[in-house]
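Here you get one chain, nothing else, as C-alpha cells; it is the form predicted on its own.
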C-alpha cells in the first residue's frame, strides 16, 4: 500500500490529457483546478476499487474482474456509466480476441515455414547423401577399372 497520500494520485500527464479531451478548444484550466480534479479522480478510483473488491470478496475471489467493477458502479449509484463501460469492455474484448487470433495465425504461419524449411533441408541432406554415394560408387568403379 502507498506510504504517502500523494502516492495514490493519478499521473498529472494523464489527468491533463483527460481534461483537455473533455474541454472545448480554447478553454484553459488553472493548476489549482487541475489538482482538485486529480485528487477527485484518485478518490473515485480508490472508492470504486474498494467497492469492486467487496464484490470479489463476496465471491471468495482475490482477483477483481469486470463484473465486480460494473456491480460497484451500480452500488455507487453511477448507473449512467454502466452502459458505456460495457461497450468499452466489449470493444476491449474484441480487440484482444483479434490480437490473439492474429498471434495464433502468425504462429501457425511460422510453424508452416519452419516445417517447410525443415523439409527443404531434409531434401538437401538426402540429395547430398545421394551425391556422396554416387561419387563413392564412381570412385569404386574407377578403382575396379584400374585394377
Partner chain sequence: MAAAATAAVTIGPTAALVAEEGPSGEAAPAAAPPPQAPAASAGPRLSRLPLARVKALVKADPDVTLAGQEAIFILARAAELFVETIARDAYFCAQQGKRKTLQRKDLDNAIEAVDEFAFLEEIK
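Residue numbers count along the first chain shown, from 1. Just so we're clear, the structure is a prediction, and the values are computed from it rather than from any experiment.
Omitted here: the form predicted in complex with its partner chain. The next part is about that form.
- Proximity of residue 102 to its partner chain in the predicted complex falls outside the 4.5 Å heavy atom cutoff.
- Taking the partner from the other structure, its partner chain in the predicted complex has no heavy atom within 4.5 Å of any heavy atom of residue 98.
- Though the partner is left out of this view, residue 107 does not reach within 4.5 Å of its partner chain in the predicted complex, counting heavy atoms only.
- Taking the partner from elsewhere, residue 63 is found to have a heavy atom lying within 4.5 Å of its partner chain in the predicted complex.
- Contact annotation for 21-37: residues with any non-hydrogen atom within 4.5 angstroms of its partner chain in the predicted complex are 21, 22, 23, 24, 26, 27, 28, 29, 30, 32, 33, 34, 36, 37, listed in sequence order.
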